[in-house]
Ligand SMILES: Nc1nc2c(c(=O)[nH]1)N[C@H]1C(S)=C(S)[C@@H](COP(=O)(O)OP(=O)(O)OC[C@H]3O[C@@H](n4cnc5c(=O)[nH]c(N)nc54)[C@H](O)[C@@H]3O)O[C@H]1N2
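Below you will find one chain, with nothing else, as structure tokens; this is the form predicted alone, and questions on how it binds or moves follow later.
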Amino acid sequence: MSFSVPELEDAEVIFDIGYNAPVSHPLVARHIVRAKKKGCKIICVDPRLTETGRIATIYLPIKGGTNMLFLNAMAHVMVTEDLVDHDFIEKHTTGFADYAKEVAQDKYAPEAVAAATHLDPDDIRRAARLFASSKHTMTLWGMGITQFSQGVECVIACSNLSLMTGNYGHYATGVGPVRGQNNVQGTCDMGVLPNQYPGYQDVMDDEIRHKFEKAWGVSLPSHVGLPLTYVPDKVLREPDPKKRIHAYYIIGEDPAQSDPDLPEIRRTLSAIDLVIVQDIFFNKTCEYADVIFPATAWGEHNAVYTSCDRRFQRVRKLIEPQPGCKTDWEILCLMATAMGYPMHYDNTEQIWDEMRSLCPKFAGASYEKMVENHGVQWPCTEDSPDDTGTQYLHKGAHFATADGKGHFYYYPWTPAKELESPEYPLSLSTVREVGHYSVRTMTGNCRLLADLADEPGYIQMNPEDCQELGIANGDLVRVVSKRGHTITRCQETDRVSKGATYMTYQWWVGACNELTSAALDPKSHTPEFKYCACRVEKIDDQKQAERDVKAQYTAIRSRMGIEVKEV
């Protein structure tokens, strides 16, 4: 995120695509609402009429899977109507001429993309003109554009719009990817990526690798590691036993619930020789574990989190954990020592200071400075009181590239990997809801939240689709894709377009990832959670279906050690 979240309040235009803050990040939503009260204009691009869409100046109900086509149409309007900032482009960017030539093609005119995107050409033109009307246009995107097989390229397309309009390098402007979970930014900061060490340092760089080898007293590989989403391939389809994955150590994650194509994930977990799960509650993946390490939760340990706007924040221990539970870092130290690499720290500050000594972008972010400044945003390079972090990136339009300039890149539209067919006539997208968090490992253990929303979840459907299938609101239905099936409850709503359906992914009985596709973005290796083909089937015997759901849910709760009480 190039800006700070509080800056949103001073935006003049907010371009919101594939992101619904009131559900995903309610605190971010507060800033958006305050901006609107100050007169900010909001462009919301989402196939569902979300809470953000309801307060938008321009709401664009885009057809799922056509993000790049729409973004190129936005760029087409800006280029052909000369809505670009020529001075900014000339001084601070490269590649614009070639990019402009591509997007200026007639095939990207709003009238030419209208049929595919399901958007009114006049609305696309209005949105482009509004975006380009301000030097305080701020862009927000979420999983709605990144969890596609063309996710990375759509992110670059969003950045192109900001570059060509001069919306970079000063206060209340820029781009903001809003992360899916509370410390996703922090895990990336710490190098939990196959191609980077902590501090976004390239594992292929010999000088950097030697620095970490010297600090840790080890020899490190010179090649990029394996992306997480390739695990099934390396377990089920790898012919060479030496290259096959034999052990899987899972920390704070629940792939048996959160990964796409769950039937394949279950085969994968069953085939691995050793599965270790480290978590705070028993989850679905624990059913496949050979070893379970009970870890502490936030409030039971000291830590540092990084929020979506690069802000390091102290987390302080409030209570003692239950007997037998250890912190994640203590468990990892014990594991490393048992495997022949002695590892010991006295506290989390020692770990943090080691990380700062190896990562130039984080060097100045001491514990003391975090306390004094209520958090520190990286880059923070100087260990002095004067460097309190970086509020926004690319100040003065100087970019983190070899030539210091922003680069334009053009990409054509690539359709989703699995489209509707006569056998599977509906599209399915995963979404979030405010009532439960992520895969519900934590919130599923909260009685109050379970009373608000519980199994088997729901599938949002347009009233016309419901009528054609003879399904009423609240009916249990069977949802089927090429990979599997699940049972859930119909939620009839005119918020969604005909032919499109939406399911949240945290339900244990109504698990939508039984259906989702494992098609990946070739650059980020992110699954295409936001588009696959499905069909919805009516269940005639609703009473029996209700009994089946209750029995299945009771069995799952019993296996997961959750107290089951008959009402």
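As the structure is a computational prediction, the values presented were derived from the model and not from experiment. The first residue of the sequence shown is number 1, and the count goes up from there.
Heads up, the form predicted in complex with the named molecule isn't pictured, but that's what we're talking about next.
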Tell me, out of T165, T268, Q147, Q377, which residue has a non-hydrogen atom within 4.5 angstroms of the named molecule in the predicted bound form. Q147
Students should find that, of P321, G180, P425, P263, the residue having a non-hydrogen atom no more than 4.5 angstroms from the named molecule in the predicted bound form is G180
Quick one: G18, I280 and T296 and the named molecule in the predicted bound form, is every residue within 4.5 Å by at least one heavy atom? yes
If you check in the predicted bound form, is T50 within 4.5 Å of the named molecule, heavy atoms only? yes
My question is simply whether Y200 lines the interface with the named molecule in the predicted bound form - judged by any non-hydrogen atom within 4.5 Å. no
So, G444 and the named molecule: in the predicted bound form, are they within 4.5 Å at any heavy atom pair? no
Answer yes if any heavy atom of V23 is within 4.5 Å of a heavy atom of the named molecule in the predicted bound form; otherwise answer no. yes
Work out which of the listed stretches, 89 to 97, 359 to 367, 244 to 252, 121 to 129, brings a heavy atom within 4.5 angstroms of the named molecule in the predicted bound form. 244 to 252
Within 4.5 Å of the named molecule in the predicted bound form: residues from 306 to 344 (heavy atom criterion): D328
